[in-house]
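Let's start with one chain on its own, the form predicted alone, as structure tokens.
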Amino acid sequence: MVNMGSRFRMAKKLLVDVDCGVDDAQAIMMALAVPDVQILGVTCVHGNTTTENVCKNVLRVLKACCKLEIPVFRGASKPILGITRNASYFHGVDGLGDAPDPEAPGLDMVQKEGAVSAMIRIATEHPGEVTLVATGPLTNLALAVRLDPTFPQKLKGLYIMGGNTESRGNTTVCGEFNFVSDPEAAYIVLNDYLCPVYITSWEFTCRHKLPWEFCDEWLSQDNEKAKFMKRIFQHSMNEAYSPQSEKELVDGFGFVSCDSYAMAAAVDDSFVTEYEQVAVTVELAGTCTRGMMVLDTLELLNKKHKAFLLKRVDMDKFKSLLINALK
């Protein structure tokens, strides 16, 4: 007899595109701890740190989780146009808190195939099955759709951490880091990806903070994963109380693992309890607003495709996913 329930326990296939800072590491570890999730590959992009450091950081995270068999691919090292940014002040120069790791895996473990080629290949090999989670600048995704215009329609869905909904900037006056780091790429993705697109904005993540007391409890688990996270997170925890971070944050202090919200939505269908469906694009020409995500609430752009903007989520499930990530 066929167990019909087994259909619903099939592994969720993920492709993860990261600029591996500490919150990207938290998101990757979250996904690796979910039993029915399979990460088919991790693609690396400039952002929090250099692409070379991003590759090193992903390998360090995979090693900490005993998952070095997952392939890692090197991607774009610069935005399509404009200046290259980094977030070293918050994540450390190396992206993982500048915590020494003399036994880190070498870059010889990075695949020879480039990230954009790998993304297209993996989606083509698993049409309609792959969920793409993007937690850094969207350069790789923009290049992928330019090389293969059918790439988005091969995806099951796209989950993005990036953009802002109230023009609250954390990098420029009105811009969120991932989108500001490559505005042209963000514009291409929000306009050319017609698959289901789910966005966790900067303001959303800030309004779903966890208390630092939870973070202390989370990091106090007595195992190697928790010790690894505590080492790489210490710099960011210290920086969270700086005057600059105080200006950037919305609604006060707290533990914000930005990229983990997008990952949680991708791995747990019941995590999101409310969303807003609206057409979105990105401002490219504004003096103060370049890179800002624009919500077309008046439907003046006549765009048929609308993104799902997360509004409310189950924070108890979020806590559980985070705790399990370090078990």
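Since we're looking at a predicted model, the values are computed, not measured. All residue numbers are counted from 1 along the displayed sequence.
A second form of this protein, the form predicted together with a further copy of the same chain, is not displayed here; the remarks below concern that form.
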Answer option from 256, 240, 174, 219, heavy atom within 4.5 Å of a further copy of the same chain in the predicted complex:
174
Selected contact from 228, 198, 187, 214, since only one has a non-hydrogen atom within 4.5 angstroms of a further copy of the same chain in the predicted complex
187
Quick one: find which of 97-105, 220-228, 78-86, 153-161 has residues within 4.5 Å of a further copy of the same chain in the predicted complex by heavy atom distance.
78-86
Do residue 270 and a further copy of the same chain come within 4.5 Å of each other in the predicted complex, heavy atoms counted?
no
Should residue 146 be counted as a contact of a further copy of the same chain in the predicted complex, where contact means heavy atoms within 4.5 Å?
yes
Touches a further copy of the same chain in the predicted complex: residue 38 (any heavy atom, 4.5 Å):
no
Using 4.5 Å between non-hydrogen atoms, is residue 169 touching a further copy of the same chain in the predicted complex?
yes
Determine the residues of 271-306 with a heavy atom within 4.5 Å of a further copy of the same chain in the predicted complex and present them in sequence order; the list may be empty.
281, 283, 284, 285, 286, 287, 288, 289, 292, 294, 295, 296, 297, 298, 299, 300, 301
